[in-house]
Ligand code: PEP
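Only one chain is shown below, in structure tokens, and it's the form predicted alone.
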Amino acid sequence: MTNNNIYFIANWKMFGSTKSVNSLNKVISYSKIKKLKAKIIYCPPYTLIKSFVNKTKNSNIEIGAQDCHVQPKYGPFTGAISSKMIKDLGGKFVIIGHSETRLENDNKKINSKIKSALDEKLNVILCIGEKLIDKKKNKTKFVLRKQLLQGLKNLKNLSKVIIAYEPVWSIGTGIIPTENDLKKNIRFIRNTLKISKKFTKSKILYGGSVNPKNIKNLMRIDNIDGFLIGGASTNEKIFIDIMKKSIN
């Protein structure tokens, strides 16, 4: 684990109502601890972005979205949300390429989405990860390399791109990679990024069934700069517990 601020990104997925903003109270208080070595980011559904921005404006918490359209500004795309709209709401981050959205997005489209987000000066959290069948066929490195190189093709402002390694087979299952596998895969991601000097300072996060019971083991992995947390982040006590066990 690096010695810099540890990233804790809460991906709420399709969860929450307007009353859910009150569940941030304890996390907001926790974020104000002096010299806290944590960067806390919430990515709620689009419907809650503005409420979360208003709720956290006097804290050290930042807000993002869970996806965006390839068109950065406006267009005739029913039901879509652009990077410009996310920024207008006060969002500063956007998750792109999560496995649950990759079902409808290939690497080329993900690359276009990243460009649209960077055009609006949003920070990007690019999710990559292999499926169980890829793992069984020893294609993990092939998949990760393809997702990285095609997703990041011809990009600028790379200091604003964070990589989140999320094995698809780990999400929501309670199963995480072995320490050895995770070390190898994180090292492979870091080495792949080094192909271009522009990527050498990119942050690398881990996501997939992160919880208070396994966070100590995950903290032992070198080159991980933080965590992308799903269901556990919707419970403020559990989310704070994860952060405390990571930092202390």
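Note that residue numbering begins at 1 and tracks the sequence as displayed. Remember, predicted model here, so these are calculated numbers, not experimental data.
Not pictured, yet referred to below: the form predicted in complex with the named molecule.
Exactly one listed residue, out of 41, 182, 210, 65, brings a non-hydrogen atom to within 4.5 Å of the named molecule in the model of the complex: 210. In the model of the complex, the named molecule lies farther than 4.5 Å from every heavy atom of residue 16. Looking at residue 166, you'd find a heavy atom of it within 4.5 angstroms of the named molecule in the model of the complex. In the model of the complex, no heavy atom of residue 147 sits within 4.5 Å of the named molecule. Proximity of residue 113 to the named molecule in the model of the complex: non-hydrogen atoms within 4.5 Å are absent; the residue sits far from the partner.
Remark: of stretches 169 to 177, 78 to 86, 147 to 155, 103 to 111, the one touching the named molecule in the model of the complex is 169 to 177 (heavy atom within 4.5 Å). Residues 228, 229, 230, 231 are the ones in 216 to 238 with at least one heavy atom within 4.5 Å of the named molecule in the model of the complex, listed in sequence order.
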